[in-house]
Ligand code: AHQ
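One chain comes next, on its own, written out as structure tokens in the form predicted alone.
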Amino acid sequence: MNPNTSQPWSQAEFETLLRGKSSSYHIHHPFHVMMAEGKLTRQQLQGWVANRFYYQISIPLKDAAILSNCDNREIRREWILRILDHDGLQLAGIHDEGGIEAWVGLGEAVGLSRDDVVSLRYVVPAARFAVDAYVNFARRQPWQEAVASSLTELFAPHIHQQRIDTWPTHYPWVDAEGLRYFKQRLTQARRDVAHGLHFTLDHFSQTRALQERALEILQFKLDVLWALADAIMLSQCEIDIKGPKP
């Protein structure tokens, strides 16, 4: 790395540091390790799907916040695709139910009802707190920082592919159609990374201080995802799908 700490890293060095944050990605969280190894119970996997739905429905809120703060039309043109990916669209003969609906399908594939998922009755308070912290960050911070926070997508294709590869073996009771969300995100996440990374490398490479700020922001988002996994694991994800919580 650049020995002169007052000078910005080269873009190649900066990208290496950003990618090096992968060691903090939630694929390494004990709960996700258990998931990949097939050690979750049916109820725990259902609890994860039900709690993560709150994150899924919050993604377009986060992206809409970025758009509302962004004065760059070219960025907005690209960024709006992220909202459509999750909310879906019906326009000019094109009908796409979107990622949120695909996640509802995942819930049904693991044995939950649509109402179990969309009612949010099984979302634990700590999960809500972690997700809301991320949405509020996107609303209140400069849009450039909110864009940088999206770079956890750098590491997402690996975890999506891991689920596609391991669930049919470890959780054969899960309807394979439910894996559609993960398959869709393989392509979408790589497109999002290309856009978000290019902007971050360009904008934040102006000074070393900006580069260090970008690394802090990425760590914040990684901490959000880790805290979300903590919340789900600590709740033990033992839900009673016969009825709502008292």
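All residue numbers refer to positions in the sequence shown, first residue = 1. Everything quoted here is computed from the prediction, not taken from an experiment.
Another form, the form predicted in complex with the ligand, is not on view; read the next lines as being about it.
Mapping the unseen interface onto this chain, residue 144 falls outside it, with no heavy atom inside 4.5 Å of the ligand in the predicted bound form. Under a 4.5 angstroms non-hydrogen atom cutoff, the ligand in the predicted bound form has residue 55 among its neighbouring residues. Under a 4.5 angstroms non-hydrogen atom cutoff, the ligand in the predicted bound form lacks residue 232 among its neighbouring residues.
The ligand is not drawn, but in the predicted bound form it has no heavy atom within 4.5 Å of residue 138. Relative to the ligand in the predicted bound form, residues 128, 213 and 223 are all farther than 4.5 Å at every heavy atom. The stretch from 164-172, 151-159, 113-121, 70-78 that comes within 4.5 Å of the ligand in the predicted bound form, counting heavy atoms only, is 151-159. The single residue of 131-149 lying near the ligand in the predicted bound form is 134, the criterion being any heavy atom within 4.5 Å.
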